[in-house]
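Next comes just one chain, in structure tokens: the form predicted on its own.
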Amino acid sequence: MKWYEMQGKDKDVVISSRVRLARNIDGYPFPSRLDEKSAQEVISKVRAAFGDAYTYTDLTALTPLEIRGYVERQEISQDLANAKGPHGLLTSDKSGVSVMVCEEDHMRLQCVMSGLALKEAYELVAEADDVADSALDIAFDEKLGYLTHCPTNLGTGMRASVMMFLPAMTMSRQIQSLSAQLQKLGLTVRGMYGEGSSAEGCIYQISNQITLGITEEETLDKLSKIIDQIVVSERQLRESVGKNDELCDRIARAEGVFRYAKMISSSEFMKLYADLRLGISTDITQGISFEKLDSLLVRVMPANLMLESEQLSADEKQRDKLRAEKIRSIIG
């Protein structure tokens, strides 16, 4: 099952957790400096290291729409989607781990899980890292740690992030102060698709910035403790907001639009999603699960909507109709 179809810990506030490790093969330039022959060599070495347990997808053979679908599902980064030379993706349905090949680094090993599951995701990625380390000569320095394209990843090469749903903090305008506080602690706050994306639907990604001079375990422990505190604060703020008539009416209207509207745009969906998710977490809305709602977060985005419906040439108006139909079919 995909991460967005599962029930995870603290799901009312934490949508998903992701752990990513940046690794490079010694003796080869970083992907931005690789010629086509060398890039193909790197890809062959990585594929051989992981063997038949992983399925390889040559992303250069896909259409822009298919590539966008991977981004919307959080399976690849925007940087990999924009890559020019040979590049691809290794996936394991069994472990849930994937490997982006020839993105900014030769390998980006990652695992995304539902809810707050940083340590569980790390354990799975660490197993894959052991596989890579045993089969490949990984670039490593005794002082600097793992050598990476971006100096900010030197050391562990690990980025751990949590995608959080924070409507109460957004409504109370505490997000700005939270972001400033987290920055002082070596963490950063971004939108749903990471760097450069906006925080639509009250969704924020919180991740570590420091990778040098700290262990993976210390990073995960620090981030987990801070996320726990944010979860408590968000829940307390939701209690203080209360189930007032205005909020209840807004959530009821959102549910009504989801159940009966004939056309829904992407931007409207994100606003309604936030209201309805808040309704589920405060028991105002009954009969709709987080799993169903979060699956919509992927399945009604433009690329995945068109791919799933097999209407690859749908224009914006047609997509809005398809989106409304898909929402009704999923939430019942």
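What you see is a predicted model; the values in this text were computed from it and never measured. From 1 onward, residues are counted along the sequence shown.
What comes next is about the form predicted in complex with a further copy of the same chain, which does not appear here.
- Here the chain stands alone, but in the predicted complex its contact with a further copy of the same chain, taken as any heavy atom within 4.5 Å, falls in 262 to 270 among 262 to 270, 298 to 306, 33 to 41, 50 to 58.
- Between a further copy of the same chain and the residues L237, L154, V257, L136, the one pair within 4.5 Å by heavy atoms in the predicted complex involves V257.
- Contact with a further copy of the same chain in the predicted complex, defined as a heavy atom within 4.5 Å, holds for exactly one of E127, D93, D141, D249, namely D249.
- Taking the partner from elsewhere, no residue among R68, R73 and R159 has a non-hydrogen atom within 4.5 angstroms of a further copy of the same chain in the predicted complex.
- Taking the partner from the other structure, a further copy of the same chain in the predicted complex has no heavy atom within 4.5 Å of any heavy atom of K119.
- Taking the partner from elsewhere, K9 is found to have every heavy atom lying beyond 4.5 Å of a further copy of the same chain in the predicted complex.
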